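Read the single chain below, which is given as structure tokens and is the form predicted on its own.
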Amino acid sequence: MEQIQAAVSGALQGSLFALMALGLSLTWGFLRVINLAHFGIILLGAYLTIELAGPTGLGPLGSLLVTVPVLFVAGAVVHLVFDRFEVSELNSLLISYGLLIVIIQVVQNVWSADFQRLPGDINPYATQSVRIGDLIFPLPTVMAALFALVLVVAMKYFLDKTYAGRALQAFGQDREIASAFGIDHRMLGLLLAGASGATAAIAGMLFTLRGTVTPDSALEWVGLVFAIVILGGIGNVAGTLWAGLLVGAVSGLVAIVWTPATSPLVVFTLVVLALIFRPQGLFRRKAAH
């Protein structure tokens, strides 16, 4: 039973990192931009949640009314700069890393380098849990799993069932042909990058529900989120969620049967093996029709 508890709890925790990975995977897969500034936008989402939740009376969930549109615009603006100057895929990695460092420094200057967290009276979720039989799960991780599931289903529907989604997939597969058929890739790119920023706002809020955050948290997320993107398949929405659940479950199980320090070793061994044997990711993504 202890192993089951560890695996399921880890999978629920992994869903939060899958949500963090969703925006990065989409912009990388469809826009050919490796946007490390995405981690900085998540960080801003977390700090803005802490800043707004109490004084405004909105609470953590209500703060999304402000952070989602603000960070939607932030994500779109970052992509607008990349698109305007025709930044290549490799250069986007380097430039966005610089942007990430700038955001971290700005956050540190505004809020300090100290640990920040939501007060208990504003964040009642932190002490609540969900019981299923003999298994007990912290409410913040259950909420993260629900948000991740809803967003993945919504994005999957958009990509597979709408004209704009299919056009975006076509553009991601062959830019020249898609442009020749009149697809407005610039507008679609801005919308997708904005949506990526919106998911970052939600991920940042959910991260504050589970504990403390510091400016350096953004750098700590990079390795695990990249592992999820690679294992799930770049641009694969459903694969990102499955990979997050897999990485979380494996990490939780290894931590309980071996040691917590061994979890990263196992996770990144999986990444190396995936790059060798399944470079397209562990989960197949259907092509656009």
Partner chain sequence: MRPTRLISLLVALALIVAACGGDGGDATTTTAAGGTTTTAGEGGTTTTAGGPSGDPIVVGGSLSLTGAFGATGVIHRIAGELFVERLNDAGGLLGRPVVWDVRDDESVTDNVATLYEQLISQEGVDLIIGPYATPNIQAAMPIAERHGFVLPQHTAVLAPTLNYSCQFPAWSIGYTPNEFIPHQLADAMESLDGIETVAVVTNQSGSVSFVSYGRPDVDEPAALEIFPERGFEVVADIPYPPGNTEWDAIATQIRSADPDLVMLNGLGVDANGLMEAMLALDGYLPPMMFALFPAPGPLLALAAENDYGILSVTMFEPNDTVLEGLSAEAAEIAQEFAARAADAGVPYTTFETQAAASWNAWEILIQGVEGAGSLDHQAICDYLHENGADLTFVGHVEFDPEKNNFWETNQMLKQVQDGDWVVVWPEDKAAAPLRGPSN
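No experiment lies behind these values; they were computed from the predicted model shown. Numbering follows the first chain given and starts at 1.
What comes next is about the form predicted together with the partner chain, which does not appear here.
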- request: Tell me, please, which stretch of 260-268, 53-61, 40-48, 66-74 lies within 4.5 angstroms of the partner chain in the predicted complex when heavy atoms are compared?
  value: 260-268
query: Is S15 one of the residues lying within 4.5 Å of the partner chain in the predicted complex, judged by heavy atom distances?
result: no
task: Flag R210 as yes or no: does it have a non-hydrogen atom within 4.5 angstroms of any non-hydrogen atom of the partner chain in the predicted complex?
output: yes
message: Whether V81 contacts the partner chain in the predicted complex should be assessed with a 4.5 Å heavy atom distance threshold; does it?
response: yes
message: So, D160 and the partner chain: in the predicted complex, are they within 4.5 Å at any heavy atom pair?
response: no
task: Check each of L190, L151, I95, A167 and return the one that places a heavy atom within 4.5 angstroms of the partner chain in the predicted complex.
output: I95
- prompt: Out of 108-125, which residues reach within 4.5 Å of the partner chain in the predicted complex, heavy atoms considered?
  reply: Q108, N109, S112, A113, D114, F115, Q116, R117, P119, G120
